[in-house]
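Here we start with a single chain on its own, the form predicted alone, put down as structure tokens.
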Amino acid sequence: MRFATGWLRRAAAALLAMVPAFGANAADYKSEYRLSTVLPATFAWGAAGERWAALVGEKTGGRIAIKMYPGASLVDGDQTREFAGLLNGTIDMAIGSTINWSPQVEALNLFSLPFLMHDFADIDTLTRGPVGRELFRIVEGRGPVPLAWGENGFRELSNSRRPITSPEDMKGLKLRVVGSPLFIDTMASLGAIPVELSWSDAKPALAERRVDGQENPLGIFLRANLAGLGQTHLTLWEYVADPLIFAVNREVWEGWTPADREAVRQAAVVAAAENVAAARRGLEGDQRPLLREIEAQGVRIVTLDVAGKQAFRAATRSVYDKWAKIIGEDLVRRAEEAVKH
């Protein structure tokens, strides 16, 4: 009898321990979680959002249902407010650009230091190594829970007026930039006139020739048909890259059971790996077929060699040094050591 009583007590304790998990599933979850992206599913970035949402639904048996809101529509199209939305609960989940989040998390400007990285291997070294882990620690210290690194790609320069082969060719060009002080400083140091526009405002500005050019990854250049907006000169200079962060609002994260958190994390890792592969498709190896597609649209492509890039690097060095102090000189030094060639 004493054995039976002890067993019953242990069983009751086990059931009580399970109550919070069942309660969270049954009552505390939202009927829909809002996922923010800047680009729709026709781009690798937006496709990653749809993939993450689908994987989460599968892994949680539908307990976590996600709807994607592209165009930064949850913050009225202002992509630089996305991080704030993730903090205040306007946004539950996001796949955010390090560029767009850098006004609130200054350390993320690391990836926008001109000519820090040389190739995709450098991006991987930073995001997958100690530097990437430190950046996630910093982001998490601000509130959101970062789960995985994705990618938008190296940002290349296009314009409607002339080939760009040297810093002198930049002088006087009106170039659309995202709302980042570092981008404004970089373009101004090259003699260009930076014009801050959201992505939703950039395309009509290019079409109406209110700005001469812009900089974006090649996948976006092609799929957004920027050649059709007069962007017929393209310079490959790989001056900065744009990693993406898969993240969740902390209150939302803590409202899920540990098992569902792990499911969301695993889904983010899978979707992020697929996103990186998609962002680089057609741009690796000797052939780089994506470039042939762009040339077929009547675009003239200039590929800067080492000496050509060095001229731009020298012209932007004062900006690099200024922002290294803002980002954190120790973090920048660690990144430089990691990608030293």
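The first residue of the shown sequence is 1; numbering continues from there. Everything numeric here is computed off the predicted structure, so don't read it as measured data.
The protein also exists as the form predicted together with a small molecule; that form is not presented, and the subsequent description refers to it.
- Of the candidate stretches 288 to 296, 55 to 63, 268 to 276, 38 to 46, only 38 to 46 contains residues with a heavy atom within 4.5 Å of the small molecule in the model of the complex.
- Proximity of Asn216 to the small molecule in the model of the complex: non-hydrogen atoms within 4.5 Å are present.
- The small molecule in the model of the complex is approached by Trp199, whose closest heavy atom lies within 4.5 angstroms of it.
- Contact check for Val178: a heavy atom falls within 4.5 Å of the small molecule in the model of the complex.
- The closest non-hydrogen atom of Ala247 lies beyond 4.5 Å of the small molecule in the model of the complex.
- Between the options Gln79, Thr186, Ser158, Ser102, the residue in contact with the small molecule in the model of the complex by a heavy atom within 4.5 angstroms is Gln79.
- Of the residues Ser112, Gln231, Thr127, Ser97, just one reaches the small molecule in the model of the complex with a heavy atom at 4.5 Å or closer; this is Ser97.
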